[in-house]
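Quick heads-up: it's one chain on its own, the form predicted alone, in structure tokens.
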């Protein structure tokens, strides 16, 4: 078996290769070396503008969003001790999506490109606060899941209501396309507005690694080992709200990444939840970058939405996972 350090190195190398592929692949040929050189010299050539304004922010966001979804998925599965858990289970993705949709509907999105992601991040933080208000300070894992289901249902209903009340079909179509998830037409403004909340969320989620190892032995054992589970829950919910909320706010809803990658990597880390976190984050970044390269290689116009591609990949995986657990239960 590959050592943990060796596995992280392999995953980092794969992620770097796919990041380079994301920079190189597009609808028009681009001399990546010349474009990079022009950009570093500050020359405003067409190649440099395409590289800096289109390719680079898209690749960076693919890296950030994928790492966030993979990390959050590993934490949620370890914390809830449920192999089918993923970042949307606590309602954060739905809440962030509704916040962004509300900004769309109100017309505020036209004032600045930063208002849309800011609305999604704010809504995600409000969802985190609402979870604690609904479930209480001593909430159990089951209560947390039920509160998340309720918030997801409410967010879905409010999004449907917004679409129903959209002033014209073009506004509704724009909202629907955004909800499908995509990294196209993103700029460095989106990178900067999402980076801060994501990094803070990552730190909070990574700080739970030892607690997740203890929780794999049961909540009673974790308490005996000295872990404050209320604090762990706060770190998990807050970290998911910040990081996944920011990812959803800038890229829309990209499903299944947080569900798939922990299962693919878990056997390689000895099924230890704490060691899975960074490996799952890197795997999530690789999967998201690979899927985003694929949407540009598939000859369809308009471009397939990234969320559609990850759903096509993820749905069969979910069916196989359910079938596997069905056979185990027999």
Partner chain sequence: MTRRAPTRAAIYGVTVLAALATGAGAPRTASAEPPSRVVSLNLCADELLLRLARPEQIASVTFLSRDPKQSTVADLARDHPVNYGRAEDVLRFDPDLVVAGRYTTRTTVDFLRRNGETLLELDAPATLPQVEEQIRRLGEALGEPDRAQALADEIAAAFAEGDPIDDVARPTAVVFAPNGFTVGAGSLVDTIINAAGLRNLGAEQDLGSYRHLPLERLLALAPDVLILAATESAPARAYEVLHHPILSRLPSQPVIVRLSPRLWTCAGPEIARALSILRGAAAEARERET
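Everything numeric here is computed off the predicted structure, so don't read it as measured data. Between two forms, the rigid core is defined as the largest C-alpha subset superposing within 1.5 Å. Positions refer to the first chain, counted from 1.
One more form of this protein exists, namely the form predicted in complex with the partner chain; it is left out here, but the text below deals with it.
Heavy atoms within 4.5 Å of the partner chain in the model of the complex are found in exactly one of 283 to 291, 33 to 41, 47 to 55, 62 to 70, that being 47 to 55. With a 4.5 Å cutoff on heavy atoms, residue 187 counts as touching the partner chain in the model of the complex. Shown alone here, residue 132 lies farther than 4.5 Å from the partner chain in the model of the complex, counting heavy atoms only. Put simply, residue 168 is close to the partner chain in the model of the complex: some heavy atom of it is within 4.5 Å.
In the model of the complex, none of the heavy atoms of residue 297 sits within 4.5 Å of a heavy atom of the partner chain.
Here the marked residues 5, 255 and 316 all miss the partner chain in the model of the complex; none has a heavy atom within 4.5 angstroms. Contacts with the partner chain in the model of the complex, taken as any heavy atom within 4.5 Å, map within 92 to 117 to 104, 105, 107. Residue displacement note: residue 116 has its CA displaced by at least 2 Å between this form and the one not shown (rigid core superposed). Taking 2 Å as the criterion, residue 218 does not count as shifted between this form and the one not shown: its C-alpha moves by less than this amount when the rigid core is aligned.
CA of residue 113 to CA of residue 200: closer by 3 Å or more in the model of the complex than in the shown form.
Whereas the shown form places them at one spacing, the Cα atoms of residue 117 and residue 238 lie at least 3 Å closer in the model of the complex.
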